[in-house]
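Only one chain is given next, in structure tokens, and it is the form predicted alone.
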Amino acid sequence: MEKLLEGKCEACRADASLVSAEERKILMPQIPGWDVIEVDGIEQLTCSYAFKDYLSGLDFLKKVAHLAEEEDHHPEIVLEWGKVTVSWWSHKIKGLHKNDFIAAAKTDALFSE
């Protein structure tokens, strides 16, 4: 099984396939703590991270922003006092692509640093 952390996001075309139910069964265990939610009919991966204060959360947000630029894949990031929530989904296909799972795993790795 390919490890998500070793993956690289690929350019997502409008005709790319959504992650299948079978693929999801393999990928979700690699990103414990992430949930699949639906917003306006579009599935997204989302996870919240706790911090001791606002500036620690801001530092993490900046790391995720740099990751997004490196991968050329951009999440929604919400910063609150003591919490950062990150949501990944593929805008072009209006749902979940393998890129989202790769980015989620890399986000977890940033938090663990």
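We number the residues from 1 along the sequence you see. Just so you know, these numbers come straight off a predicted model, no measurement behind them.
Another form exists, predicted together with a further copy of the same chain; not displayed. Remarks below refer to it.
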Q: Could you work out which of 42, 26, 78, 47 is the residue within 4.5 angstroms of a further copy of the same chain in the predicted complex, going by heavy atoms?
A: 78
(Q) Even though the partner isn't displayed, in the predicted complex is residue 55 close enough to a further copy of the same chain, meaning a heavy atom within 4.5 Å? (A) yes
Q.
Within 4.5 Å, heavy atoms only: does residue 38 come near a further copy of the same chain in the predicted complex?
A. no
Q.
At 4.5 Å, heavy atom to heavy atom, what parts of 59-74 sit next to a further copy of the same chain in the predicted complex? List them in sequence order, or say none.
A. 61, 62, 65, 66, 68, 69, 74
